[in-house]
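In the form predicted on its own, a lone chain appears below as structure tokens.
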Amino acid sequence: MKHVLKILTILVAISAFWIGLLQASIVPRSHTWLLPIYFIVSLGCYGLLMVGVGLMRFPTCPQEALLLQKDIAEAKVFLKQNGVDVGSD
């Protein structure tokens, strides 16, 4: 719930800033109307960046890989005992 409130607070702050720019006429109106589009594009770029960083820092788990190989070997033995052909070892 806290994350939702944080997002809503940020959206309200950005909206207030945008409406303030529209009312004050500091930035030309033609540019001000494009700010939400720029914001959405920037948010998309940030999301892609975070996905890329997450993929680059993806942790390797050698212990889990060993446990998975053990589970696979056990499953092959179980299936062979039940008459299922699982291929070569």
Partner chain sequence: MELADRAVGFLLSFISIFIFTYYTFWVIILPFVESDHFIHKYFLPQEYAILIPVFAGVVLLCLLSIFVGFVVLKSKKKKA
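Residue numbers count along the first chain shown, from 1. What you are looking at is a predicted structure, and each value in this text was computed from that prediction instead of being measured.
Beyond what is shown, the protein has a form predicted together with its partner chain; the following relates to that form.
Contact check for residue 31: a non-hydrogen atom falls within 4.5 Å of its partner chain in the predicted bound form. In the predicted bound form, none of the heavy atoms of residue 63 sits within 4.5 Å of a heavy atom of its partner chain. Highlighted residues 15, 18 and 22: none comes within 4.5 Å of its partner chain in the predicted bound form, counting any heavy atom. Interface residues of 66-84, taken as those with a heavy atom within 4.5 Å of its partner chain in the predicted bound form (partner not displayed), are absent.
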